[in-house]
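Next up: a single chain in structure tokens, the form predicted on its own.
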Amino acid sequence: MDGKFTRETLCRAWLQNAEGLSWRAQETLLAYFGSGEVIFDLLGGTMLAIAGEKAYKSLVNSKNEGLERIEQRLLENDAQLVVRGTSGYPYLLEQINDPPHALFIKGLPADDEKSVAIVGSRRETRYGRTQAYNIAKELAQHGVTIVSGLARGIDTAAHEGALAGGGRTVAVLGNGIDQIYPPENTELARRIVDQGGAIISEFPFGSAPLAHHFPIRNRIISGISAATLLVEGHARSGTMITAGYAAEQGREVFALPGMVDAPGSAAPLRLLREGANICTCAQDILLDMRWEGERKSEEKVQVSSSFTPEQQVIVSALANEQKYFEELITLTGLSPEVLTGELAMLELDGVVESRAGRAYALLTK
């Protein structure tokens, strides 16, 4: 091994590459043994009971090939493995109920605070394709990262729009990172990485784009995004799964209205009836997410002696940029209950504003 990857990283890649190893089984193994290295070194009967016969056999076969083979495959695909809880793992994704234990990534890590998932039908209309492209392009021009699934139709239009806007876009695959699906988007995937974006997947090397992979993949699309926009989808569209994940994850959901008698309008109109935010252009998202115009840190409220000690700590933590609730717990050392109460008081006093995804920022003077 050439030292580019730590042994623990390679052991976690070995674990992530096990065919048939469920998220919950991997969670149990890591909780029980504590690290990928221990699991690799002590592979035995306990693992069989937890992982199941198919996954255990895959782990044994892969172990017999050696960690050098795992490293070789990472290098061949110019990929890295980012493990949950370590630097480079997307912060927003870490907040969902079932975050992937590790992600295979080509390009720059997908840890973008200002990010919007744009999803929709593979059988898009010209209207849907044009709107997805234009909205993605304008959002990208405002520094927003566009997330989608590299699929035909709306996904492709969204990625293309982001690139045209000179921005960053992230594609989340429903198969192994060592292949691009659909194959006609191979060149698009290359341009995404070359322009500072990323291709990511939690699925093993060689994993095919199977139908049941895509609903699993969709939780990552919404999970790494502060908001999700559904452009087009039929009544029983799979894109509704992504919108559902976004709502469960506490993220903002937007929908693009279309003609009421168009099949592709069924899913967006249903979301709008259920309370989704309406999106007719990129400005709707920028305004609703409060991303239109960044405030300079010099203009932010300064710590005042009139604040309680707890409030002083909170205001200091927010001095330079917005923070998510979980970050504030770590930075301030306050309990969730105390932090919630003090944030509420600061909001009432016009000192702090709440933003999407349980984020908070200081208001200007």
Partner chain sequence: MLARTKCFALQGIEGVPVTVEAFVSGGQFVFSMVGLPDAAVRESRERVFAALKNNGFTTPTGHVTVNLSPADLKKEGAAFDLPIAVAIAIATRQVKPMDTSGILLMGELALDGRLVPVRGALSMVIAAHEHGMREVILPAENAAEVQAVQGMLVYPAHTLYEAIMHLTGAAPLLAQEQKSYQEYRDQRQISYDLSSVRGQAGARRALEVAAAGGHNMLMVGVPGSGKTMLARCLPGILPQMTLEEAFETTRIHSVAGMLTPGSGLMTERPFRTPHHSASMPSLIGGGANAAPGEISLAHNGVLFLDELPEYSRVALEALRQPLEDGVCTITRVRAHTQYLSRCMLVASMNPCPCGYYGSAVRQCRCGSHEIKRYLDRVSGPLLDRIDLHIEVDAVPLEEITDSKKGEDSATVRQRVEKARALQLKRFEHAGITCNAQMNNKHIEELAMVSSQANAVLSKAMEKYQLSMRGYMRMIKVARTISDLRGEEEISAAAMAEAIQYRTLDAKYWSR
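The term rigid core refers to the maximal set of C-alpha atoms that superpose within 1.5 Å between the two forms. It should be emphasised that the depicted structure is a prediction, and the values quoted were computed from it without experimental measurement. Residue numbers count along the first chain shown, from 1.
One more form of this protein, predicted in complex with its partner chain, exists but is not displayed; see below.
*Asks:* Counting only non-hydrogen atoms and a 4.5 Å threshold, tell me whether T125, T340 and D349 all contact its partner chain in the predicted bound form.
*Replies:* Looking in the predicted bound form, the three residues T125, T340 and D349 all sit within 4.5 Å of its partner chain (heavy atoms).
*Asks:* Select, from the options 318-326, 22-30, 66-74, 38-46, the stretch whose residues sit within 4.5 angstroms of its partner chain in the predicted bound form by heavy atom distance.
*Replies:* The contacting stretch is 318-326.
*Asks:* With a 4.5 Å heavy atom cut-off, would you call R7 a contact of its partner chain in the predicted bound form?
*Replies:* R7: no contact with its partner chain in the predicted bound form.
*Asks:* Closest heavy atom of R168 to its partner chain in the predicted bound form, within 4.5 Å or not?
*Replies:* Residue-level check for R168: no, no contact with its partner chain.
*Asks:* Can you tell me whether K106 touches its partner chain? I mean in the predicted bound form, with a 4.5 angstroms heavy atom cut-off.
*Replies:* No, no contact at 4.5 Å.
*Asks:* Since only the chain is shown here, I'm wondering whether E184 would be in contact with its partner chain in the predicted bound form (any heavy atom pair within 4.5 Å).
*Replies:* Flag for E184 set to yes.
*Asks:* Which of these residues, I216, I96, A262, I241, gets a heavy atom within 4.5 Å of its partner chain in the predicted bound form?
*Replies:* Only one option qualifies, and that one is A262.
*Asks:* When the rigid core is used for the superposition, does L343 move between the shown form and the other one (threshold: C-alpha shift of 2 Å or more)?
*Replies:* Yes; that C-alpha moves by at least 2 Å between the shown form and the other one.
*Asks:* Rigid core fitted, is the C-alpha displacement of K323 between the shown form and the other one 2 Å or more?
*Replies:* Yes, shifts by 2 Å or more.
*Asks:* F325 and Q26: do their C-alpha atoms lie closer or farther in the predicted bound form than in the form you see, with a change of 3 Å or more?
*Replies:* Farther apart in the predicted bound form, by 3 Å or more.
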